[in-house]
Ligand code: HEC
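Just one chain is shown here, as structure tokens, and it is the form predicted on its own.
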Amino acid sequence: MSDQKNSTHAKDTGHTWDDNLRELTNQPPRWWMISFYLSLAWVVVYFVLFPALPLANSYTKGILDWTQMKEFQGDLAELEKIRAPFETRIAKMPVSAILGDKELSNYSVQSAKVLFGDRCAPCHGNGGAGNPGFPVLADDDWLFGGKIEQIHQSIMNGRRGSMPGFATNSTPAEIDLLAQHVLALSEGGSNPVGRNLFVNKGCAGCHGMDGKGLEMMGSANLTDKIWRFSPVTKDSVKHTISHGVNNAMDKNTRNAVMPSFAQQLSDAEIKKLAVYVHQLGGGK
């Protein structure tokens, strides 16, 4: 392109394509040259104002002394200034009071999203949807209770349930009958012979006579079709009955441990996480 439109006034470079297209020596348009020189000028200005050139042990810092880290730290300081009044109130209040304060509750939910994603989602899934071997947090099924105080304690101190294995004091036939009864409970029924074994073997002492579990012991509700360990098959149920859960005496035991976050998070962060988990849908 050129301000000169008449190709007869420009020299021919001798380059041609398809016998019709000729490369001429026309100068670029004036606007293009102005933009080009302005861009060169901006490069000089940028090198003067901002960090630009690496040196042997450092770099040119520019007269503004700007860095991405300084900008990040400044933005973070502004954010912390906005958060400070909320964080101060949360630190002084019990978690139940935070849940009851709409403003603090909303703040806790919003600010705990990242905490949940970093600390909880790898096991419990995004939005508390659960993962194989890890409980769903968005339903109303809780081993140790779904009240806000109980959730707070679970996060603070961790949880470690315990179930003995019955392989050493039961025959394969008895374990098979117990598995049949547990599966029947999940369907709203019962296996009469298995029910007697359920009581006589001591299962009812933890899971209750109705199989609905006891929060104070962290024992599972066997009637709600919510299973901790999958796939849900008769063999899987028999394995749990045979080897137990967190049974140190059996290398084939199921492992189900939630760690304590008391040493990893501040008390305020744990409170915010408790409020966040409570509002996922299953909090009582």
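Position 1 is the first residue in the sequence shown; the rest follow in order. In this text, all values refer to a predicted model and were calculated from it rather than measured experimentally.
Beyond the structure shown, there is the form predicted together with the ligand, which is absent from this document and is the topic of what follows.
At the 4.5 Å threshold, heavy atoms of residue 85 stay clear of the ligand in the model of the complex, well away from it. In the model of the complex, residue 240 approaches the ligand with a heavy atom inside 4.5 Å. With a 4.5 Å cutoff on heavy atoms, residue 202 counts as touching the ligand in the model of the complex. Among heavy atoms of residue 119, some come within 4.5 Å of the ligand in the model of the complex. Residue heavy atoms within 4.5 Å of the ligand in the model of the complex occur in exactly one stretch of 61-69, 47-55, 23-31, 232-240, and that stretch is 232-240.
Contacts to the ligand in the model of the complex (heavy atom within 4.5 Å) from stretch 212-226: 217, 218, 219, 220, 222, 226.
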